[in-house]
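Take a look at this one chain, the form predicted on its own, written out in structure tokens.
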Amino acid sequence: MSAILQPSATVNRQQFYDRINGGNCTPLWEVLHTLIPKEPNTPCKPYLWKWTEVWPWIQEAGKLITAQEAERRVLVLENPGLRGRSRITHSLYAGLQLILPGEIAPTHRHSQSALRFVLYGGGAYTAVNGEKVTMNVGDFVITPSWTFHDHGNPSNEPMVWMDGLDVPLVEYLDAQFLERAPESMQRIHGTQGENFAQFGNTMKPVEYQAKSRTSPLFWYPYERTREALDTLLADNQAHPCWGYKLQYTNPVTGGWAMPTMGTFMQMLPTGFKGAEYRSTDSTVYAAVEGRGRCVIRGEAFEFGPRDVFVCPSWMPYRFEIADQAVLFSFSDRPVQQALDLWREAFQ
């Protein structure tokens, strides 16, 4: 029996498709292979944003618009496969925010969760629900969903951090809300460092009752993280793919620090040549220290301090390190794991 469609059958099918199209229906058998491919087929592309290139643009933005005018003066890092959509991966947003000496980024809150990872400068602060913390390079700071927050820079130098948000996820669920506060700055209560004293030492106040799945600790200082990595380096063997890698956690539950974004810090020793790895969570990396390259699907991306790069879903990648490197990263792994979707593969 011939498997070749006869002209009459082709015409009949097309006429059928035209009729059901008027009723907003379409045949699954015509699109099944694109809806459910054999493996992830993301339009996201691997890419690296060099600090030496973006830093002059960030400085120019500081001359063109004030922090209050812009509300948040940020250069969005758009994945080259998703231009015009304000996202670094299908599910995540990333941008580089500048706050100049004496400036204030006014108070607002939104349903999207946000993280800050400091790349340049020191002495600026962020305030979350009336609690204030001063930030420095390598610090990881959380702004939970629907919490008022503002930023200020009383120091004498500009400060830049990477913003990471779950904007595309929240947008997909049609759950996006924004509210601006009547005052540009929050009233600060408590002593700076109180949040870390309460939750940053493997302890918590006895009366504390969790009201959110986000970590109650919102400031993870780099000094503590770096100390932990140094200890691992001294007494443990490096993992063949990622060296020495730690996950930021909610100190009360031991789970993810944020419900929609997984956050990590890793150290890769000098001369490290990693085995190939891939996973379904597209991952955004920011280099804190050191130099090396990430080879993504055969393409090498040379990175140094303050560079940002992205490894898309299910694309194999590996690290080759010239000088001991420390990398921060974030992805949508908590969401994928909660939905039983996450998968990884080693060489």
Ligand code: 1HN
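Counting begins at 1, following the sequence as shown. This is a predicted model, so every value here is computed, not measured.
Beyond the structure shown, there is the form predicted in complex with this ligand, which is absent from this document and is the topic of what follows.
Non-hydrogen atom within 4.5 angstroms of this ligand in the model of the complex for each of Y93, Q97 and H151: Affirmative, all three are within 4.5 Å.
With a cut-off of 4.5 Å between heavy atoms, is H110 one of the residues that contacts this ligand in the model of the complex? Looking in the model of the complex, residue contacts with this ligand include H110, since a heavy atom lies within 4.5 Å.
Give a yes/no on whether D163 approaches this ligand to within 4.5 Å in the model of the complex, heavy atoms considered. Contact check for D163: yes, within 4.5 Å of this ligand in the model of the complex.
Tell me, yes or no, whether R87 is in contact with this ligand in the model of the complex, where a contact means a heavy atom of each within 4.5 Å. Output for R87 is no: heavy atoms all beyond 4.5 Å of this ligand.
Check R72 for me: does it contact this ligand in the model of the complex (non-hydrogen atoms, 4.5 angstroms)? R72: contacts this ligand in the model of the complex.
Only one of M267, A257, V167, L77 gets a heavy atom within 4.5 Å of this ligand in the model of the complex. Which one? So the residue touching this ligand in the model of the complex, by this definition, is V167.
Given that the partner is absent here, state which listed stretch (211 to 219, 247 to 255, 143 to 151, 187 to 195) has heavy atoms within 4.5 Å of this ligand in the model of the complex. Of the options, only 143 to 151 has residues within 4.5 Å of the partner.
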